[in-house]
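Only one chain is shown below, in structure tokens, and it's the form predicted on its own.
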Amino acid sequence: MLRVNDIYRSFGERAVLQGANFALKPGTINGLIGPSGGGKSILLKIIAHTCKCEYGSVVFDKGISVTDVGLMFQEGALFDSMSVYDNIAFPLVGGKVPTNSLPKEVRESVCEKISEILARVGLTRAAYKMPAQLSGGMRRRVSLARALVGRPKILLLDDPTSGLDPVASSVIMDLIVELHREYSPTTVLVSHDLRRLLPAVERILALFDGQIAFDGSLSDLAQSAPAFVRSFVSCRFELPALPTEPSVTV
């Protein structure tokens, strides 16, 4: 289980997270939604221990450590001085790049994993290009590949379809769902593309005013979420119709 306990985080006088609480079951795929600038990216970084909170804690299940967490940053955060190949290799080798300095057996294993994920995100021919040579959408796919390559037990994806056209967005979302079915990492997926996000996840967490304002399934969201959460979602996604009361004949 992944548990987030009473997380607080501010930037100057601006409080971004004000007591965020939730717990995720192992192997589930979860969507984190909410207004832009509302703290979703910061919350993922706190879970991944790349950003500190001022108060609260993040607790992983027994046997899981921060090294088992894969994070795709919203802004990509590629190393501009490294090729696509070495960017993706980075989490596999603990930053010991270039990979040609590794022992042969380690290098072969790393190469196999990178080749597989490059093929799956459609970037095989870009393996030895530099980030500056890539389009924005291609950079997003490299960042996604880097988060997925080590098959982490906890996978945090911050807006993975941002900057992609509709066809590429569908391909990437399908890939995320496919890989989740293959090895079931506990996944938190942030996306502003609710039309693709909501049907793909088992559970939805809505972050408003620094707190989790709703936690439940899509059908729960339609029926019992606070009105402001339903209003936020309905502007971007057609919610399931509420059940109607049977008519009574007199």
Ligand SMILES: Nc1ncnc2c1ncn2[C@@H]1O[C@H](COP(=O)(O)OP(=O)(O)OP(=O)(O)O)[C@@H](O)[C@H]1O
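Just count from 1 along the sequence shown to find any residue number. What you see is a predicted model; the values in this text were computed from it and never measured.
A second form of this protein, the form predicted together with the named molecule, is not displayed here; the remarks below concern that form.
The named molecule in the predicted complex comes within 4.5 Å of no heavy atom belonging to Arg195.
Heavy atoms of Gln211 never reach within 4.5 Å of the named molecule in the predicted complex, leaving it off the interface.
Mapping the unseen interface onto this chain, Gln74 counts among the residues with a heavy atom inside 4.5 Å of the named molecule in the predicted complex.
Although the partner is absent here, Ile42 lies within 4.5 Å of the named molecule in the predicted complex, judged by heavy atoms. Contact with the named molecule, judged by heavy atoms within 4.5 Å in the predicted complex, is confined among 195-203, 56-64, 30-38, 215-223 to 30-38. Contacts between stretch 1-32 and the named molecule, counted in the predicted complex as any heavy atom lying within 4.5 Å, involve Phe11, Arg14, Val16, listed in sequence order.
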